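A single chain comes next, written as structure tokens; it is the form predicted on its own.
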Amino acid sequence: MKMQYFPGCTLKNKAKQLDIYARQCAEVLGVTLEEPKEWQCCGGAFTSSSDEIATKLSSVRLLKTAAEQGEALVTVCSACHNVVKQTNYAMQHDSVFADRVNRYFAQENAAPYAGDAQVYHYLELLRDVIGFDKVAQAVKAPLKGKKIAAYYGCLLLRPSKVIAMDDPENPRIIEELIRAMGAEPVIWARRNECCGGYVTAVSPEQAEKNSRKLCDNAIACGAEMIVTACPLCKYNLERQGCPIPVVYLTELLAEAFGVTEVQA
């Protein structure tokens, strides 16, 4: 099975493990993630301004490419997924936005895009396309005895109507993956709260406060490590001195598959 795959900018430099192991683990499961030859930054954040079109064009072009290939589009970075998914939703449900975007394409003598690409986060690929039962069957080195806190953050689940991945207040998808890898998921109160990463530049005190509360809560609930799909969350938690390891979900999956060992 082949799918289009958008790594995004951060996965090409600071978050290489998230990208490399996503590809390798997908191959183990019989899925080839094919990176488009030409892609640009997703835009970094989905702006709510209805007349802001320019920063969303790169995501629309990405979606358009996947649709023209007749393949689903897979993302793994929480921020990239949020932007791409919201952009696709806007193309489907906001006729004014879609019209303005397609006018750009008309100037380029390109076909319009109707929002018909299927977008999966890597977690959804594992759950909905492959199945966690098959993930469990591919595990060669079960992560037995490890107590892992799944950290969703604020971008992976919201806005829930658009992202539609899981219950934003009581998510289960990462916990189910943790169980499939043979480890024990830790249920903790702040797993879907913001770490403060987006306010680091304007309020480092708030970012530090948020991160400290997150890490303290995870540890108090018995976590030995935190797993995330968001490079910004990982960076911020580590920068603020989280006492336990913060790792990418693909790193854990690679360890369980015997592709590599996670360095704590």
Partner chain sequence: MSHQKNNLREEILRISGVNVKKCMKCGKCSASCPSYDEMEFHPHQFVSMIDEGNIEPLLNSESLYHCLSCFACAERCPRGVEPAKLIDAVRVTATRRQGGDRIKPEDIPCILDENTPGQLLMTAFRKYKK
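Only a predicted model underlies this, so the values are computations on that prediction, with no experimental measurement involved. Residue numbers count along the first chain shown, from 1.
Keep in mind the form predicted in complex with the partner chain is missing from the figure; the text below concerns it.
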item	value
Candidate site Gly43, Glu169 and Cys194: all three near the partner chain in the predicted bound form by heavy atom within 4.5 Å	yes
In the predicted bound form, Gln69 touching the partner chain (heavy atom, 4.5 Å)	no
Partner proximity in the predicted bound form: Val202 to the partner chain, non-hydrogen atom cutoff 4.5 Å	yes
Non-hydrogen atom contact Lys161 with the partner chain in the predicted bound form at 4.5 angstroms	yes
Contact of Cys9 with the partner chain in the predicted bound form (heavy atom, 4.5 Å)	yes
Listed range touching the partner chain, judged in the predicted bound form by heavy atoms within 4.5 Å, from 207 to 215, 220 to 228, 61 to 69, 23 to 31	207 to 215
Candidate from Cys154, Ala98, Ala138, Val129 lying within 4.5 Å of the partner chain in the predicted bound form - any heavy atom	Cys154
Residue (of Met181, Ala79, Ile148, Val74) lying close to the partner chain in the predicted bound form, criterion heavy atoms within 4.5 Å	Ala79
Contacts with the partner chain in the predicted bound form, stretch 37 to 55 (heavy atom within 4.5 Å)	Cys41, Cys42, Gly43, Gly44, Ala45, Phe46, Thr47, Ser48, Ser49, Ser50, Asp51, Glu52, Thr55
